[in-house]
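Below you'll find only one chain, the form predicted on its own, shown as structure tokens.
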């Protein structure tokens, strides 16, 4: 059976997204290794740092969902990261029952040291494309991410 133009393009895009996911995962592993962390701890730390960069408070339960661990395993993971001096737990000032996790400044500095050269390279690549195309890519990636997140929730 012949593959249509759409099917071939879809397959190339899905392969590109898969390649991106693999590269992202490998960079997270390398960042974690630079800090002496297991890949699961590194993934959690990257989620914590990402939430901070977006100005979001990340609770233990939200982190558990993001990294795919049980509440108990996430609690142990947070304790290990805290004992290593990478993160701290902070009680919410309005609701003392809510505890969020935050990366320490030293880890944030290491993150920027590790990833800023990549951000510069990616910025150079993106600067070669017109803003309207980047806006379409942004919309596409947002919809792809939302679709994948929805599907993931349905699988739980």
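Numbering follows the first chain given and starts at 1. Because the structure is a prediction, the values reported are computed rather than measured.
Just so it is clear, the following notes concern the form predicted in complex with the DNA, a form of the same protein that is not shown.
Visitor: Can you pick the stretch from 120 to 128, 107 to 115, 91 to 99, 49 to 57 whose heavy atoms fall within 4.5 Å of the DNA in the model of the complex?
Guide: Of the options given, it is 91 to 99.
Visitor: Can you tell me if residue 61 lies within 4.5 angstroms of the DNA in the model of the complex, counting non-hydrogen atoms only?
Guide: Yes, residue 61 lies within 4.5 Å of the DNA in the model of the complex.
Visitor: Hey, in the model of the complex, does residue 71 get a heavy atom within 4.5 angstroms of the DNA?
Guide: Flag for residue 71 set to yes.
Visitor: Under the 4.5 Å heavy atom criterion, name the residues of 120 to 156 that approach the DNA in the model of the complex, in sequence order.
Guide: Nothing in this stretch is in contact.
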